[in-house]
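Given next are two forms of a protein chain, the same chain in both, each as structure tokens and marked structure 1 or structure 2.
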Structure 1
């Protein structure tokens, strides 16, 4: 067999990118088809049902649940304010009456005569969805949101923390193999997407956060530095909801590892251009990788990209064949980039003693390596 399917991360100089931006629940769409939008433009908004606050009113009044409806000062559907009395006991001979106050602003949703519980529903909470990537609205999803399209340069990272952000690309390192340290971060990087080379150090992360950078993109990170930054260890790779004030994306992996030259060259070629980034990573069925999206054209040029349209967060898979560029993604050759020179059909015995299908990689330095097929990924977009 001369071919096999293997996963890979997209690094594309030019592609059509579509972002499907939808609300979690139905709402109203605020943009029209064909409209040009910026990353910050709100495309849809709605109000989410408020929190429910249960209050054991009958207990608090020392009354029977069945008597509760007669003791309510506010009825189902009526608005109440926090600390406003909502029920009152009859007291003894009309004296020593006890009152129960609402624990929140909201509306009385239900009064139970079997348990004596009252539910106060809090005020609705506004939710808005922005375009995330500058482009054109190519489809309106009635009641849900919109699809934004643009021609972009796209880089998928391997892992990230923090959510969506955007800002101009600021190159902090001169080479892909250069470590990103605190000295490389300057105050003018406020609001930017800082691009480093190899590992980002703990000091660099701290300084970038201090100067107000929107995000850092670099080759690797040390696990210990990430733990120190987050204040906890990441057990399962489901990220994106961290609120650390900065988004971090690594393109290659954990440890001392240089960014792939191609990725570095692509990003540095767009220095100064605004990029939208998202650190959200989900490594589960339906994998989602972090991404750096650089719109190449203004909205009018949207839809003129080459190749198939890419959707936000999706993973890719491609054909592995002789001549394909791959990256080794596991020790002992972790990070080595090379070209496939052989795809032996028969399984080989590995150093571990396991039998597995392997391939031969010609590394950049000319060295030939035998690597399990499971331990490489494609690096062409």
Structure 2
């Protein structure tokens, strides 16, 4: 049987999921192997050095750098408060003395008699890494973090912005083809992962943010609405670091496009359950997909899932063969979902006159399309 390989999105009702949760610098791990954790459980923590605040103290006192140590009111290692005097000139005949105050809370880190600079180091910043998804600790990474595993329902999206969030799933639309507008957002959706149908409007995003929703998941979004929301164009860099107060995930693409019926049915079947979401997206090397992860109620222990374990944020690459479900990801059939019915071995001449390897897709409405293999994405699950 003819086969090929293609990247794909996972839409799975049940799979084993692993989240590798690590600190950016060495720290301490706060969980043990075999321990059950919730999405908010801190698995590792550390402290990062505070900001450095250089102060030109010698210049401000009209003194020579070599005289600076003798003018200091606070010494290296001492804590200081913002606007607290840290150095004072000798003045003239003991009068008309000038003081230099600290520009920040922190600790005197260094006093230089060659540059006349004083460095105030701000307070250390605590960093905590949470489990992100409820599950079981299956591996402890000493000094770094832990690996969390659970059996989940998993949906990977096409594009997203905003970081990690979690909350119960709240269905705002009754059908996958229904547009998500402001009227569909209600005050009781505070802290929830709002699931729409087709395009999420700018008004819906604003209202969801105003009521305090954790995230919105819907089929599509208008690119101008996204630019207006972010305040800038999206480039090729990694998304997910935006601090917009809400995470957005689109499952199908840009424009007036409905959520796939299979995806909508999967999410609506878990309405009320807590989902963990992450809008981080990267479409170049090292692909990352936005995701909606729903721990299953009957999966308290790891290793009960079906198929290979999925890693957080990863994209899959699967076998493309007859009977495989795919989504067309380029015009003129963008967004069409269907089943592969043929994989011709010989390249075909496209409408542009170029040649490419193609496949035949049977769409849901019965239409059969010849599509370049590079223009489809596997729907795994």
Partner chain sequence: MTAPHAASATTPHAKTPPAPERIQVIVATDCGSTTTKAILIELVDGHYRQTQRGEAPTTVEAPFADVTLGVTNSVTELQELSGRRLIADDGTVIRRTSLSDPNGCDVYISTSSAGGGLQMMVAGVVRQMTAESAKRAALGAGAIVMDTIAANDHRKPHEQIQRIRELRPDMVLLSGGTDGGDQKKVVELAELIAPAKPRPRFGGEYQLPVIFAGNKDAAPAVERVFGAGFDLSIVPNLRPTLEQENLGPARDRIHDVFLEHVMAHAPGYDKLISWADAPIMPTPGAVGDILQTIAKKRGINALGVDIGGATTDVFSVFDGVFNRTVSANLGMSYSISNVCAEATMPRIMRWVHLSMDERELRNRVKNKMIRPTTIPQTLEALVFEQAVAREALRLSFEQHKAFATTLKGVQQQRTVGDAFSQQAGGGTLVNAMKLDLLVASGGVLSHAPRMEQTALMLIDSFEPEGFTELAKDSIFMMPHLGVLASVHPDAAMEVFEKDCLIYLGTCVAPRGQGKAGKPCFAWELRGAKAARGTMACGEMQLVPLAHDEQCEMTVTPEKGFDMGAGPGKPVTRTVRGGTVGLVLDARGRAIEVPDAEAERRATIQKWLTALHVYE
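Rigid core: the largest C-alpha set superposing within 1.5 Å between the two forms. The structure displayed is predicted, hence computed values, not measured ones. Numbering follows the first chain given and starts at 1.
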- [ ] Mind telling me which structure is the form predicted alone?
- [x] 2
TODO: For residue 68, decide whether the Cα shift between structures 1 and 2 is 2 Å or greater, given a superposition on the rigid core.
DONE: yes
Open item on the list: Given a superposition on the rigid core, I'd like a yes or no on whether residue 356 shifts its C-alpha by 2 Å or more between structures 1 and 2.
Closed with: no
Open item on the list: Quick check: residue 80 between structures 1 and 2 - does its CA shift reach 2 Å or more after fitting the rigid core?
Closed with: yes
TODO: Provide the displacement, in Å, of the CA of residue 49 between structures 1 and 2, taking the core as the superposition reference.
DONE: 2.9
